[in-house]
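Given next, in structure tokens, is a single chain: the form predicted on its own.
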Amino acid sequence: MTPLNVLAISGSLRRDSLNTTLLREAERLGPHHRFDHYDGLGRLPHFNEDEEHPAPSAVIDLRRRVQEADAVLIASPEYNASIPGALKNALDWLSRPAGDDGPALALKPVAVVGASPGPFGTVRAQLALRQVLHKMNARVVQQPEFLLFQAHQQFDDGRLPEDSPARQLLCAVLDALTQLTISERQQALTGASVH
């Protein structure tokens, strides 16, 4: 399997977040990939067009890490049937052009997962997140979808059991993200060779 540099973003600010735990498990399941766990969500200033130029240092750091990643893996909880405000704020910053490079997430392969103690997982949050990412022109893994419901009962010491269907599905998401990234690279090379 092709190794990827994966930027892992948890939509939760909570220290013992189930979604951060999910990203750590994804890293264990994809040992050939290099994971960069972004933990600066809470340090980003509120998006304000008056403060775009020059961008705050925390925003510059986030954009750089997105640009350096081959792919992005976002794990988001569900707050009030949508995504947390801190995650939406980060996406608002990433939706804006940064110099000549354009928005950092444009054409970037992204996979979306989520964990929740509730019975429905993060289905509504993921719908909202996919809509935002689509508007940002990110390349989002469509299938499989990963919705970990009653997540507090599914983790065993921070890990998904080896015989867990959720573990197998998370591996499938990582495989799909890898394949999407390879496909995007090939299309970029083909497009470059045409010009």
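Computed from a predicted structure; not experimentally measured. When you see a residue number, it is the position in the sequence shown, counting from 1.
The form predicted together with a small molecule exists for this protein as well; it is not shown, and the discussion that follows is about that form.
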| message | Taking any heavy atom pair closer than or equal to 4.5 Å as contact, tell me whether S116 reaches the small molecule in the model of the complex. | response | yes
| request: Answer yes if any heavy atom of T181 is within 4.5 Å of a heavy atom of the small molecule in the model of the complex; otherwise answer no. | output: no
| request: Could you confirm whether L18 comes within 4.5 Å of the small molecule in the model of the complex, counting heavy atoms only? | output: yes
| Is P109 one of the residues lying within 4.5 Å of the small molecule in the model of the complex, judged by heavy atom distances? | no
